[in-house]
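In the form predicted alone, a lone chain appears below as structure tokens.
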Amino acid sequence: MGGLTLGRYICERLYQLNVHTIFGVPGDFNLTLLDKIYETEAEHGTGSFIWAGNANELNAAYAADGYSRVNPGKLGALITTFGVELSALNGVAGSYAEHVGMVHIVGVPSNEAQEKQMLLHHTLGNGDFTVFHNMSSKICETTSFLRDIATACDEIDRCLKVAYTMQRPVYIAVPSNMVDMKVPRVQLEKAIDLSLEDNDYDAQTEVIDHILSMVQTAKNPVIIVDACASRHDCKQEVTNLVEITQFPVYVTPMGKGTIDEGGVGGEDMSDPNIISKITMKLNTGKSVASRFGGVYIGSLSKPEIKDAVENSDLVLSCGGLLSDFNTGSFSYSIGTKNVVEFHSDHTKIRQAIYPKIKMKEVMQNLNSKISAVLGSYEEQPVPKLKLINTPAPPGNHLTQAWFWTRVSSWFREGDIIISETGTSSHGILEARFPNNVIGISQVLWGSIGYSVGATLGACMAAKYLDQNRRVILFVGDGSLQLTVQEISTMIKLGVNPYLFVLNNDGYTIEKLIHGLNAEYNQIQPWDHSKILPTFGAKDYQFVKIATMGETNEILKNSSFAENDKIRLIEVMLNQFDAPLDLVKQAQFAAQVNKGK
């Protein structure tokens, strides 16, 4: 039967769950555990299971989050050391808020040191070794502080199952003396049961019957797709629902990238025929993209989208997370009471809530029956695609409105597009993604600097999907300064993202909320051309674009389109130029801050 160490058991379980990169920072209480990462790689092959080694714990948490959002296994893993683990908690909290599966493993002092209440480093000096665990318990779905080797494997498996099925962080504390203790290898042969608990049959039947009756009488139904449809592995169910019904489908800001939008990459936006090309593609067949109507953000939506959604007579909401920035400061104004909400842990129909009727199973069953009640439905039009396609004088300075439309045409199928809180996360809503794109932004938690660490994580996950899959970051010059060190880790690990740095001279989103010219919203200007070589890049490209002509020139370049080196593109923009919906959102935020 044989045995293996507890440390190897943890690594092997992660490997079984499709986790191939571990993020974190070494510390003396986790060093023997880190040795097991290299042992695991040696057994499964070079590059099969690697230690990333981040610049700090916060960046490591961001990277694990980004990794989870791209990894088909839906988990990221983070290892830190006792006490100073607190540096990671901002990132962990963001994962909790946004339903991202993460395993936070903390190397802690030995059981003996804890029992004797030794006055060790990384402690508060009071002999309390549980305080940091208790802190993490508030932002994790479940936790375990391992103490007994006889139950350790079961506890690890329990936490991993919760992280996967609930798509939330979990916390596992591993005492340093337990890492080399032996556990039965045979336990690895039994896979962790990752299946969801079945929905109650009678309750689910009632839910489906009710929805079918609502669909049968609806004349103008719409589907709204939000973040949790992606986080809880319901992208296929949503796609099937749209394909079967042909109802118009819209996404929220957090839901962008969850369904195919049908954008056409590689096109020259100065071509006057571009709109007819895209329209022709979208009108071909009965694809999901042909039914995509755009982004719904309440009162911040484009008028034609706002009218279409709010004048519908049935709303099927998939995975809603109705936060302020995701709803245009709670400005949803749905005109019908016929709203069905599919969630990861319940279903709501009008005012009736059905606990534990989880959306994945209920949508699968609904999709198998819904075609029978569509006989009288007449396909409704979706809002027309509107792009800025007027010829741009090459010497014109870049504007937000023009830039986001132009870069949209450079995207290609399969891209992973990451946008930072602020200008980028609002600007990206103006872009129409090609199919099979993964969109990543942290709209709810909104920690500035998140996107740089998340880019590293996305790059590492993408390596196991497709080496040619591009990872593209849009980050402001202010946000970059919080987590810029992680570019060093990208270079160390040999990944090749596109780093678009929007240089608008400081924290534009904060300026628009309050303090337009306040000193606290200013930043020290950096020479961005020096960042990549400073961090040791040898094969890299730096580009600075300030005009429409310069932008067109670089985006038309075929060699630039291939992700064969790390690239930093500095995009020069006016500090007060911002996407229109960001300006309005900032005004709403300012009013909320005043208690209005």
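Since we're looking at a predicted model, the values are computed, not measured. Position 1 is the first residue in the sequence shown; the rest follow in order.
One more form of this protein should be noted, the form predicted together with another copy of the chain, which is absent from this view; the next part is about it.
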statement: Testing 567 to 575, 530 to 538, 64 to 72, 548 to 556 against another copy of the chain in the predicted bound form with a 4.5 Å heavy atom criterion leaves exactly one stretch, namely 530 to 538
- prompt: Among the candidate residues H210, H122, R412, K161, which is the single one with a non-hydrogen atom no more than 4.5 Å from another copy of the chain in the predicted bound form?
  reply: H122
query: Among P525, G127, P184, G395, which has at least one heavy atom within 4.5 Å of another copy of the chain in the predicted bound form?
result: P525
message: Residue-level contact is defined here as any heavy atom of the residue lying within 4.5 Å of another copy of the chain in the predicted bound form; does K369 satisfy this criterion?
response: no
- request: Answer with yes or no whether R350 is in contact with another copy of the chain in the predicted bound form, where contact means some heavy atom within 4.5 Å.
  value: no
In the predicted bound form, S195 touching another copy of the chain (heavy atom, 4.5 Å): no
- prompt: Does any heavy atom of T483 come within 4.5 Å of a heavy atom of another copy of the chain in the predicted bound form?
  reply: yes
- prompt: Does every residue of F132, I513 and G595 put a non-hydrogen atom within 4.5 angstroms of another copy of the chain in the predicted bound form?
  reply: yes
Partner contacts in the predicted bound form for 25 to 41 (non-hydrogen atom within 4.5 angstroms of another copy of the chain): V25, P26, G27, D28, F29, L31, T32, L34, D35, Y38
